[in-house]
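Form predicted on its own, single chain, as structure tokens, below.
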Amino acid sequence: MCGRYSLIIGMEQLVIRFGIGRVETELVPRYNVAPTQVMPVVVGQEGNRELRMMQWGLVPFWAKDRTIGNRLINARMETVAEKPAFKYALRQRRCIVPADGYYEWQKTGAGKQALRIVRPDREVFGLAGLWEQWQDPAGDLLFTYTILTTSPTAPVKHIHDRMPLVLNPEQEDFWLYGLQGTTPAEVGSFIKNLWSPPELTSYPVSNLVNNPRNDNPLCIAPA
């Protein structure tokens, strides 16, 4: 599962890292991103990358109620191609969710310890995501996203039995554009070509991250 993450770099760095055209929107550092909050995601548009602001928690285009998004913050990689909430977005609306760390809670004798998982160099990375456009009865549009999860790599396997699908940089274009067909075999082959990089590390942080109202540098400080 991935229920919290961080993105503290500025917009200029984000544009350079993901090869996006110039964006005028300011990007406020976020130390404790939680579901239902609005964050930038990278989408592919006719071979180019664009940055769009979307709400975390996927609301499928066919949903009658937007609150379904509260339950769809993650999509399991193993079943994403079959689930009605995700299968259409997987075929047509894939995105990259920029992050520089995500949080997980490890069970200990004293309770649960919050951990932040990052790259060893602390650089930003991309999470595999799906996005949707939903229209309410008044005609207003809502753009939302979810984050794919997969089995954990060796460095974080002791923490939790799931992790977000962290894309290798060379996989990012493949994730956005690499699906060439929509048959079960083609979709299955596409998914099998994705894997998270092994070079992730973790460190304990304050349980301030338990509360989404806490969003400051203390959230990422080593405990």
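Numbers follow the displayed sequence, beginning with 1. What you see is a predicted model; the values in this text were computed from it and never measured. Think of the rigid core as the biggest set of C-alphas that the two forms share within 1.5 Å after superposition.
Beyond the structure shown, there is the form predicted together with the DNA, which is absent from this document and is the topic of what follows.
Trainee: Heavy atom to heavy atom, is residue 180 within 4.5 Å of the DNA in the model of the complex?
Mentor: It does not: once the DNA is placed as it appears in the model of the complex, residue 180 has no heavy atom within 4.5 Å of it.
Trainee: Is there a heavy atom of residue 157 no more than 4.5 Å from a heavy atom of the DNA in the model of the complex?
Mentor: No.
Trainee: So, in the model of the complex, is residue 25 in contact with the DNA at a 4.5 angstroms heavy atom limit?
Mentor: No, residue 25 is distant from the partner.
Trainee: Taking the DNA as it sits in the model of the complex, is residue 119 in contact with it (heavy atom to heavy atom, 4.5 Å or less)?
Mentor: So residue 119 does not count as contacting the DNA.
Trainee: Spell it out for me: taking the DNA in the model of the complex, does every residue among 13, 17 and 93 have a heavy atom no farther than 4.5 Å from it?
Mentor: Judged in the model of the complex, none of 13, 17 and 93 sits within 4.5 Å of the DNA.
Trainee: Using a 4.5 Å heavy atom cut-off, which stretch among 166-174, 61-69, 193-201, 180-188 contacts the DNA in the model of the complex?
Mentor: That would be stretch 61-69.
Trainee: Go through 196-212 residue by residue and record those having a heavy atom within 4.5 Å of the DNA in the model of the complex; state none if no residue qualifies.
Mentor: In sequence order, 210, 211, 212 come within 4.5 Å of the partner.
Trainee: Establish whether a shift of 2 Å or more occurs at the C-alpha of residue 169 between the shown form and the other one, with the two forms superposed on the rigid core.
Mentor: Not so; residue 169 is displaced by less than 2 Å.
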